[in-house]
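Heads up, what comes next is one protein chain in two forms, each shown on its own as structure tokens, labelled structure 1 and structure 2.
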Structure 1
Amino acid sequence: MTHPDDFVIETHGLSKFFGDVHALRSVDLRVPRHSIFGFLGPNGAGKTTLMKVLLGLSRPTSGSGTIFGHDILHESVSIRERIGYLSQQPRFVEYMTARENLLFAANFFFGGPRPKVQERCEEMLELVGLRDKADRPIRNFSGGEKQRLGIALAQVNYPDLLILDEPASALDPLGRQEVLEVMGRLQKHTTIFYSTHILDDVQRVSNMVAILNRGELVASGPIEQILNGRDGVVYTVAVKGSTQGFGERFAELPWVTHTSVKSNNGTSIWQIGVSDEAKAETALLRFMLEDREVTITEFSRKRYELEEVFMEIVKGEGNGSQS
């Protein structure tokens, strides 16, 4: 049984309309504590809108939400006390250096003692690898450096939740790698809720995923579950020899949900969907090997790439262009 405290973010029927444009449609979202939650969706799906509603930067048209159990509408300041946020294009106070910006951000949360606040800023500079550039003007920073500084600013208050809007999307591969590494390092301290449309990044660092399309939450859960696709757990078995009657025999197994077969150069490729993964792991291969007429040349659990699942879901739902 899950305890309500297990979820950092919970929304119920959260909707946001801009005139006729439905940016969010009754979103029910749950973000577990200490997860790296990848929030996926095509451009204009409503990811940024949802983040802004959670942060109190925009008001929902209907529905409700809580963060740390606090209402997002009426207790926004208390929520932001415990949050770090990085917008899609991080902004800084331009006339301040990186160190000064960090000190400025830290002063929203900490009243002192000053050496301790400064020490915290130094830790953040170290974390994102910007110590040697801390006193340089921000205008000379590269995109990756600005993004890393943005993460440092978002993390300076020891947030219990980091909300990152497309933290790596505008970066080159090296910059992306740097940002993902920083996120990995932060995971032990905080819950990370980040949006992206770079599926490869999600698969590398996330343990939870939600997919938003046209303002609607179309999938949400542990990444393993999402990678199983909509068909659940599926095993792929390559069989040489006659497989006549296999279909009927599988139908006798209560934990087999569906089967399909394709022939390829004398080999039958079976896709077997199961409802009981543990049972299938121990019994499926044995069951097939009972037939002495066939040779099993391949037996594996079908692994989807996130891109496949994403494309299947988004195309299935119809891609939107709303913001």
Structure 2
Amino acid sequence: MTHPDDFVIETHGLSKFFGDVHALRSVDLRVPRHSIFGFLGPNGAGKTTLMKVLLGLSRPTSGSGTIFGHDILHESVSIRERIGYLSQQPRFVEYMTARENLLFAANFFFGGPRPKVQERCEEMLELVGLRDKADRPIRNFSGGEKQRLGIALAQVNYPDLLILDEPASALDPLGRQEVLEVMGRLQKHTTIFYSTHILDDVQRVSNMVAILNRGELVASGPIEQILNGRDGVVYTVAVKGSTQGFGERFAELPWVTHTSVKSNNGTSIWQIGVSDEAKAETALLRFMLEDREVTITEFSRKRYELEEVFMEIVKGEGNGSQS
């Protein structure tokens, strides 16, 4: 049973209209504490609009939302005290160094002794892997280094929630990897809610996912649930030899829900959906090996890629919310 305190962000029927444009349509979203929550959607889906509404930078047309249990409309100041935010295109004082940028930002949050402020800045530089470059001017930083500094700036005030808008969208593979590693290290300190269109990154680092399409939340839940929820658990089996009657034989097994087959250079590739994963693990391969007319060349549980599931959802092939 879940408790309200288990969720950092909750929205109920949240909507935002710009004239006749429905940017958000009755969004019900829940973001668990200490999750890395990937917020996905095609361009124009409403991701940035939702983030602005959550941050109090834009008012919803209807509906409600809370962050840390505080109302996003009437208690936005209390909320923002506990949030770190990185925009899609962060800005820095380019002639200042990374350390100077951090100290400048930290002075807005901390009024204590300067050594304590400096200690926090050094901690952030270490966390994002920039301590050895802390005294270089920002104008000489790469895109990945700037993004990591942006995360350090967003994190300098010990936020309980870190909101990142497309944190790796303009980076090369190395820069993206560096940002993902920083996000992974931050999970034990805070909840991370971030938007992106790089689905491979989401599958690598996130444990929760939501998909927004045309302003509507069409899927939300643990990433494994999203990946496996399309056709349930499916096994892939490659078979050489005559498979005549295989379909009828599978139909006799009460835990097999559906099958499909296609041929590839003399090999039959079977997709076998099951309702009882434990039973399938112990009995499915044995069942197939009883047929001496065939040779099994491959047997594995099908692994779904997020891109495949994402495309199915946004194209309407599996429309509907998961929770």
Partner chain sequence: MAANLELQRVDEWSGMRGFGNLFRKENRAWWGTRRWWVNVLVWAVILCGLTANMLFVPTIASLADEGEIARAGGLTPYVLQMGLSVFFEFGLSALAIGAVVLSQDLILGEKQNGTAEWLLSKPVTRSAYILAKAAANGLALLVLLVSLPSILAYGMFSVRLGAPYPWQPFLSAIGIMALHTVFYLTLTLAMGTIFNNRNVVLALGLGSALGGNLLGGFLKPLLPVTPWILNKTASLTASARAVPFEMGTAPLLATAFWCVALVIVALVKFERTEF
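Between two forms, the rigid core is defined as the largest C-alpha subset superposing within 1.5 Å. Here, a residue number simply tells you its place in the sequence of structure 1, counted from 1. Keep in mind that what you see is a predicted model, and the values were worked out from it rather than measured.
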Seminar exercise, completed: Structure holding the form predicted alone is number 2
Exercise. By the 2 angstroms cut-off, has the C-alpha of Q244 moved between structures 1 and 2 once the rigid core is superposed?
Worked result: yes
For this session: Using a rigid core alignment, state whether the CA of S263 is displaced by 2 Å or more between structures 1 and 2.
Result: yes
Problem set entry | Core fit, then P254 C-alpha moves 2 Å or more between structures 1 and 2 | yes
Seminar exercise, completed: Shift of the Cα of G273 between structures 1 and 2 with the rigid core overlaid, in Å, rounds to 4.6
For this session: Determine, in Å, the CA shift of D135 between structures 1 and 2 after the rigid core is used for superposition.
Result: 2.9
